[in-house]
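Okay, so here's just one chain, in structure tokens, the form predicted on its own.
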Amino acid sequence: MRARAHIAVSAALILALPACSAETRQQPLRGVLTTPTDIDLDWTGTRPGVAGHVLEFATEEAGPYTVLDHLPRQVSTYRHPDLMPHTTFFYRLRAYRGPVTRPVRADLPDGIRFTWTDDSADEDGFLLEMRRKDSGWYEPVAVVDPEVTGTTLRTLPGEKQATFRIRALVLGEQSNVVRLTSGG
């Protein structure tokens, strides 16, 4: 019974220490281990001109980092669910900016084909952004490599009535790095 209590205390410390260190810093990106295998992230401090953020993670602080999602400016929380137990994760945000244009649109039976002219010289890619009929903002729905000028979106019911635009994706400043270790 005594050994079981020791293990429980150790597990609680492993779970609490990373969360405390991530929350006590006054940085724009914060994280907390909400269950043994779910990490919740939130951020503040969106600067003028920032269109959104790219949220990335890695299992080594130096990377390589993998993109979790491209998130519009209005989104400031993210849950990274179902993580591998007893693993350390590193998170960072990269702001993005870039001018927007209206693409040429061709409706297909099961989607929409978009084409556009590449007028930017330094893009890191392009985002296809969609504003649903009753939404107040655009959200990224597809990412396209630099120098590419067309993509096809397979639409879900109701998406053909949405408004679309193309953003030349230009990556900007990087946030602090948050380190958390999953439980088990």
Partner chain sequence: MLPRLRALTVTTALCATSLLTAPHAVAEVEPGGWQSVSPGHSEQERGCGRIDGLTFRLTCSTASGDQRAERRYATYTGGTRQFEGHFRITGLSGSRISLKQTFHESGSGPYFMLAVERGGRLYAVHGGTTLSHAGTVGTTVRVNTVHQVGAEHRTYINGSLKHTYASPGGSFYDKFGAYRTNSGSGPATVEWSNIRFWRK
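Residue numbers count along the first chain shown, from 1. From a predicted model like this one, the values you see are computed outputs, not experimental measurements.
There is another form of this protein, the form predicted in complex with the partner chain, and it is not shown here; the text below is about that form.
> Would you mind picking the one in T115, T59, T35, S135 that has a heavy atom within 4.5 Å of the partner chain in the predicted complex?
Comparing distances to the partner chain in the predicted complex, the residue within 4.5 Å is T59.
> Check whether T101 has any heavy atom within 4.5 Å of a heavy atom of the partner chain in the predicted complex, and answer yes or no.
No, no contact at 4.5 Å.
> Does R154 reach the partner chain in the predicted complex, with heavy atoms at most 4.5 Å apart?
Within the cut-off, so yes.
> Just checking whether L169 would be counted as a contact of the partner chain in the predicted complex - the rule being heavy atoms within 4.5 angstroms.
Yes, contact at 4.5 Å.
> Please run the contact check for L108 against the partner chain in the predicted complex: heavy atoms, 4.5 angstroms, yes or no?
Because no heavy atom of L108 falls inside 4.5 Å of the partner chain in the predicted complex, the answer is no.
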